[in-house]
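Let's start with one chain on its own, the form predicted on its own, as structure tokens.
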Amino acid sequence: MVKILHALSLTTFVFHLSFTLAISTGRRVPTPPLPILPLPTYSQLKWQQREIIMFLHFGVNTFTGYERGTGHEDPAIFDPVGLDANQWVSAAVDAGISLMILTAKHHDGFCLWPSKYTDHSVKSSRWKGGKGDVVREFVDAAKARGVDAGLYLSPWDRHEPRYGHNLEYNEYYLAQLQELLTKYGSLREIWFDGFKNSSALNVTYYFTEWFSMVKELQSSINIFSDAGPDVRWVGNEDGAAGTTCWATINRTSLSIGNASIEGYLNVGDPRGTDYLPAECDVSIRTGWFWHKSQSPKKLSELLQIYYNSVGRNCVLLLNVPPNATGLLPETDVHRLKELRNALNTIFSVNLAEKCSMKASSQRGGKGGGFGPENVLDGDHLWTYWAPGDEDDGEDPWIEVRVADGGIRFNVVRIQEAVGLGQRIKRHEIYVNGKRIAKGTTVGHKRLHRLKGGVVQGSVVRIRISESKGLPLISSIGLHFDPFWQPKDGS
């Protein structure tokens, strides 16, 4: 019996040893490459995926016709008798917009909520007998439709007597910031700027204290300013990023209200130690506030802005100002719908989806999980093509191949797996061996609207000529834009 048990134990040992050896000598599952720092936060990734967000400039300027109020306006002039925040939100929803930012206080100091720290607010207006609260109606309407809300609280206050006294004014500003961040639910973006004209009183804004309090009260919110810390200004109000636009930058080189850094903000920095993507702000009209004499920009202009902002690794903040009645003008609402319908027409069909993919190499070899087919799935962030660590000295490339005939397109879309860091420095696009476009950065999204117009081909190759580490491409699209008719190839 002892011999039999000993034989069984030996057999069991040999079996386990064989199993362990089989596992240890088996093919390893390839792992993702190391990220390249700095990386975006979860909130930054969600913000970038919105692509278009809405600004709402509204206040006493809506009734005076000014762009920048004096601070001496009589609050009684504010009387939007037909105000309907639900109409604002419906227009945003129909345009595919998921975040709206309201000017709770502009430079004139008039507050769209009944702040207990000043009478220069809606409580001194004729609207609703002084019992109204625009901020409350705005955030409630947004929440009811599943739209996120954000607020802008201007640091420059031309009405408040404490402006010009550092300690007193900063305490006043922080008190109002606390009101907005504690009484109106969860916000997704808070908007700061450092603008003031040359004749304004000299005040030092305590941005460090402001930002710390914002994060204390709402940790998941994104803070926008020239210096972030979550979202940076693009450096102009034209809605245009640089043709090179890094989400990375050095925050130590930034300061709020400093005009000398606008070029740096526009381009970013490939050696930047901070992940701080850019937001492109522009108004649908000439002015930021509603003026009866103005009309919305043409669809062709808005499409150009989209390609120059979202198509260059940024988010577009499009201002749509309510009128003196308290409604978004029908012309503006119609133009928003036109823009959404145009974008759906262009990008709802990816002509590459029915094609086959080929690449110079892939991490882990065939079947390793990082093949070129990943660029055609529905995940534009966490599945991606990664070339092998060694590409035989050749620039890595990925190809779209058409089985029969060819495809006609005039827009090429490329997206990086930015969750592992922005990497691509230079790239080129070829159709049937002929170069049709070249560019630098890609980031979350790069759109090439081809200068020569529509091309037709059976092999479309994207070559990465320079990158920080391995380039990781999460999505590729070939699209047809019927609104794009370049003249003389320009």
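Residue numbers here begin at 1 and follow the sequence given. Because the structure is a prediction, the values reported are computed rather than measured.
One more form of this protein exists, namely the form predicted together with beta-L-fucopyranose (FUL); it is left out here, but the text below deals with it.
S.K.: Decide open or blocked for this chain: beta-L-fucopyranose (FUL) is absent here, so superimpose its site C-alphas on those in the predicted bound form and check whether 3 or more ligand atoms come within 2.4 Å of a backbone or C-beta atom.
M.R.: Open, per the superposed partner pose.
S.K.: Just one of 425 to 433, 439 to 447, 49 to 57, 31 to 39 has heavy atoms within 4.5 Å of beta-L-fucopyranose (FUL) in the predicted bound form; which?
M.R.: Of the stretches listed, the one contacting the partner is 49 to 57.
S.K.: Is every one of Asp238, Arg285 and Tyr306 within 4.5 Å of beta-L-fucopyranose (FUL) in the predicted bound form, counting heavy atoms?
M.R.: None of them does, since no heavy atom lies within 4.5 Å of the partner.
S.K.: Does Phe347 make contact with beta-L-fucopyranose (FUL) in the predicted bound form, using a 4.5 Å heavy atom cut-off?
M.R.: Close contact is absent here: in the predicted bound form, Phe347 is far from beta-L-fucopyranose (FUL), nothing within 4.5 Å, heavy atoms only.
S.K.: How about Glu73 - does it come within 4.5 Å of beta-L-fucopyranose (FUL) in the predicted bound form, if we only consider non-hydrogen atoms?
M.R.: Glu73: no contact with beta-L-fucopyranose (FUL) in the predicted bound form.
S.K.: With the partner left out here, check for me: in the predicted bound form, does some heavy atom of Tyr152 sit within 4.5 Å of beta-L-fucopyranose (FUL)?
M.R.: Yes, Tyr152 is a contact residue.
S.K.: At the 4.5 Å heavy atom threshold, is Trp191 in contact with beta-L-fucopyranose (FUL) in the predicted bound form?
M.R.: The answer is yes: Trp191 has a heavy atom within 4.5 Å of beta-L-fucopyranose (FUL).
S.K.: Only one of Asp148, Asp281, Asp332, Glu160 comes within 4.5 Å of beta-L-fucopyranose (FUL) in the predicted bound form by heavy atoms, so just point that one out.
M.R.: Partner contact (heavy atom, 4.5 Å) among the options: Asp281.
S.K.: Do any residues of 34 to 48 have a non-hydrogen atom within 4.5 angstroms of beta-L-fucopyranose (FUL) in the predicted bound form? If so, which ones, in sequence order?
M.R.: Heavy-atom contacts within 4.5 Å come from no residue here.
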